[in-house]
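Here we start with a single chain on its own, the form predicted on its own, put down as structure tokens.
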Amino acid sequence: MATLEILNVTKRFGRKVIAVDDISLEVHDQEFLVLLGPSGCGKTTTMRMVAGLEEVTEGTILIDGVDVTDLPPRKRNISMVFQNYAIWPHMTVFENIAYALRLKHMAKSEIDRIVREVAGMTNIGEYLERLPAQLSGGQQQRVAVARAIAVSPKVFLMDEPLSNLDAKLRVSMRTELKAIHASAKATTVFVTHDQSEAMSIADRIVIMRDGKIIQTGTPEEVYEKSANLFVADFIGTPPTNFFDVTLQKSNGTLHLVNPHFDLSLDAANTARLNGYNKEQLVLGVRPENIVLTSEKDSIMGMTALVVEPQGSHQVIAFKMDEKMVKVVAPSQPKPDMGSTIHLNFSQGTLRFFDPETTFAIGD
């Protein structure tokens, strides 16, 4: 496979619309990289420029060190899997996979070997004589993936390939795509707006917003060390809870004070905030890091508004002023709706943000 480099790339539509704004990114050999962000953030436009389907306004795209910025798609040695599969309805599965190989005038025996190899890799070997209309959505998606792998591309591009599948099939196909990626030893760029999908399959995630790259990191890095309020809110289900707090010092100890709680910080968090010279900050706490505790160990007591059993865990919601706060807790004990729950924060996981810049503090 190959490396992919995107160097200071910008895409403008007309004079006013900047879809991609001076981004730089390197995709490593055999890496599974996910471009993640809300609709309109520039992720699909970025992929289309890599594929050669959109012209680059400024910047350079390199595949294995070779400048492909101005090359047509057919000369870039890439394969793309689309949201709508884009497989030929009048051809059998075998013919769909073999089509691009025949255009290369390969020997019939070699075509047969490759088709059966990639069909086995994608678990569609028993469907080679069927037409697409005789397949389920998941099976059709596997055909599209097999066809893309068959030509041994340097870079494998996937544009929201699972979005047309039902929820259960999407989850199972994530696992299969990751396994196929490992078998094919592909360098893969995958576009999605679904953060749980990105977290489950990516080696690294590139989070985009308004045409810019906001943060790049492993799933663990973007989850546990979100670079700003947007990332902390966008990544995670349920999302991060945010509290406006005042930073106060008492007897050498830093406190985060909110109308509903007074949190005395431990030594590690005190050290993280030592260089912060403002009174106000935003405290970010993941739902699983708000812990149910006894009354004597709690920093606040709140009324359980909704309790949602999830089998392995439960989601408890309470209202703080006008904001809904969610807690992910073990499945037992289960509080009654309307009862008082006593809560504390897991201090090793707290995140601090500057309310003006929105950037993380203390990293």
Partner chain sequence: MNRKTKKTVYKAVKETIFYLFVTGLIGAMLLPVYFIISLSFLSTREAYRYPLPLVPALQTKFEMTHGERGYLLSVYDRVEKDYQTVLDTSELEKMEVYIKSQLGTSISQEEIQAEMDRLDDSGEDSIFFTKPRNLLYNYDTFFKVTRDAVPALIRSLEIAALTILISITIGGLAGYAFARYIFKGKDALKFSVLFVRMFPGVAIALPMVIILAKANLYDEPLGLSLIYSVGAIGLTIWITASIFMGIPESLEQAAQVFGATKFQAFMRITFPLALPGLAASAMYTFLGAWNETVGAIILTQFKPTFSVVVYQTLLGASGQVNLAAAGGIAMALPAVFFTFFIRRYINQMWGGVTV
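Superpose the two forms; the largest set of C-alphas matching within 1.5 Å is the rigid core. Numbering follows the first chain given and starts at 1. Source: prediction; values computed, not measured.
The form predicted in complex with its partner chain is left out here; the points below concern that form.
Using a 4.5 Å heavy atom cutoff, M91, E95 and V151 all lie near its partner chain in the predicted bound form.
Stretch 71-79 is the answer when you ask which of 224-232, 270-278, 71-79, 179-187 has residues with heavy atoms within 4.5 Å of its partner chain in the predicted bound form. Checked against its partner chain in the predicted bound form, the candidates A133, A167, A107, L103 yield a single residue with a heavy atom inside 4.5 Å, and that residue is L103. Comment: its partner chain is not present in this chain, but in the predicted bound form one of L292, L128, I213, I87 has a heavy atom within 4.5 Å of it, namely I87. Under a 4.5 angstroms non-hydrogen atom cutoff, its partner chain in the predicted bound form lacks K326 among its neighbouring residues. By the criterion of a heavy atom within 4.5 Å, L53 is counted among the residues contacting its partner chain in the predicted bound form.
Although the partner is absent here, R286 lies well away from its partner chain in the predicted bound form, with no heavy atom inside 4.5 Å. Although the partner is absent here, R147 sits close enough that one of its heavy atoms falls within 4.5 Å of its partner chain in the predicted bound form. Relative to the superposed core, P153 undergoes a C-alpha shift smaller than 2 Å between the shown form and the other one.
Taking the rigid core as fixed, one finds a CA shift for L131 of 2 Å or more between the shown form and the other one.
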